[in-house]
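Only one chain comes next, encoded as structure tokens, the form predicted on its own.
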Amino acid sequence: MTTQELSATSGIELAQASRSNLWQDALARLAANRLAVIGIIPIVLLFFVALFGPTLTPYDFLAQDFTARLDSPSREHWLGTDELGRDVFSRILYGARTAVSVGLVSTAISLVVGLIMGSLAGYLGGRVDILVVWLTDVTRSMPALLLAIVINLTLKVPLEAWMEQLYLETKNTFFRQTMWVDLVLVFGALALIQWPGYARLIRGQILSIRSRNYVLAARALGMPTSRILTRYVIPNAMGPLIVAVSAGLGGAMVLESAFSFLGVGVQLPIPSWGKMISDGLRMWQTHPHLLAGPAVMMAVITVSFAWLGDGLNDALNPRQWK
């Protein structure tokens, strides 16, 4: 191995060791941020409730008791019951599962698409960069709620008809559960709304990283483009992306609730905080418990993700370091 190759290899190893130390320092700074730590607690509880919450309550979220309609909070029903006698607390717990599922799946899809598109645009440049930037501009120019409504009205009926046809052919009752159509449409709408932000972010990071010494050293060693992207470029651009994903998870949950509130998101029988807030608004003056429970949960989770995002930004952004 020549002297130049040894120098290039040493430079890459030094960059990897420095990146490891930076992540350790960032974790220590995050732990020292009180608001970020406070924000992590409700988020951890949210994921715990999404996994195990429905099994901890004595009531089924679909169980109706017409003798206990619109009951106020009591020992039997901690947050009261709705107009069909269903336990509000149980429905909020199951609504957490809906919120987490939508947030994770839609964010994962949009992150993968944005990561691929942004990486190609930032590293290859030229016509690929122009095309990706044009696609992101076109997508971001459309109002999010209007785009969700158009997707829902355009695709829901054909998808339900397709599932009904599959049921007639297979006699499998799974295809009669049209609630999956609502979930697929919400996943697709949120992913379509969110991916341009991730693509633009990763593109900007790669434009600043691709000319650094350790990337140039990898090129000099003859490494293929795919390996340079996955081993050196993308890992060094993960800091701002982690902050964006944290904010994106909370934003996806809020958007899902907004869609359900407007009637174009997750619909019955799947519980959704947005749908519960929409139903509670009709009777909040006489039965405020119907609105208070899901509204407080949504507010706490939104603030928690905001605090966590600010903490991650302070920990991972060198300009914030003292």
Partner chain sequence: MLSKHRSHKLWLRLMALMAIVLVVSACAGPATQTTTEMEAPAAEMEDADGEMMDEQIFRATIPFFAQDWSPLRGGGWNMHYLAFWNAGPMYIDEHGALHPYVFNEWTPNEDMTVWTFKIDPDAVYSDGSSITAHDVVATWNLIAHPATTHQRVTLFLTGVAGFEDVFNGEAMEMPGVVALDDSTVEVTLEGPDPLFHKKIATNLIGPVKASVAIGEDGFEVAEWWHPKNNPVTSGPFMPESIDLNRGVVTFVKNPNFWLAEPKLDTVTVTSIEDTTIVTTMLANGELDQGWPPNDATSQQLLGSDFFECSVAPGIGGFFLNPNIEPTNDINFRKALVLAVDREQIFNLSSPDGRGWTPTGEPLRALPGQDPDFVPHPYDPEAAQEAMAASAYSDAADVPKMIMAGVSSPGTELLAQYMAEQWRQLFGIEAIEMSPQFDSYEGPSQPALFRDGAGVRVPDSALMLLGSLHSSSNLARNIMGGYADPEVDALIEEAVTKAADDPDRVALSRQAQRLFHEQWMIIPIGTGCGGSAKGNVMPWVHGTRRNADAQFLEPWTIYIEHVEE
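The structure presented is a predicted model; accordingly, all values stated were derived computationally and were not measured. Numbering follows the first chain given and starts at 1.
Only in words, not in the display: the form predicted in complex with the partner chain, which the text now covers.
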The listed residue (Ala63, Leu45, Val37, Leu51) that reaches within 4.5 Å of the partner chain in the predicted bound form by any heavy atom is Ala63
TL;DR on 92-100, 72-80, 163-171, 107-115: the one with heavy atoms within 4.5 Å of the partner chain in the predicted bound form is 163-171
Verify the contact flag for His287: yes if a non-hydrogen atom of it lies within 4.5 Å of a non-hydrogen atom of the partner chain in the predicted bound form, no if not. yes
Is there a heavy atom of Val184 lying 4.5 Å or less from a heavy atom of the partner chain in the predicted bound form? no
Since only the chain is shown here, I'm wondering whether Pro269 would be in contact with the partner chain in the predicted bound form (any heavy atom pair within 4.5 Å). yes
Can Met283 be called a contact residue for the partner chain in the predicted bound form at 4.5 Å between heavy atoms? yes
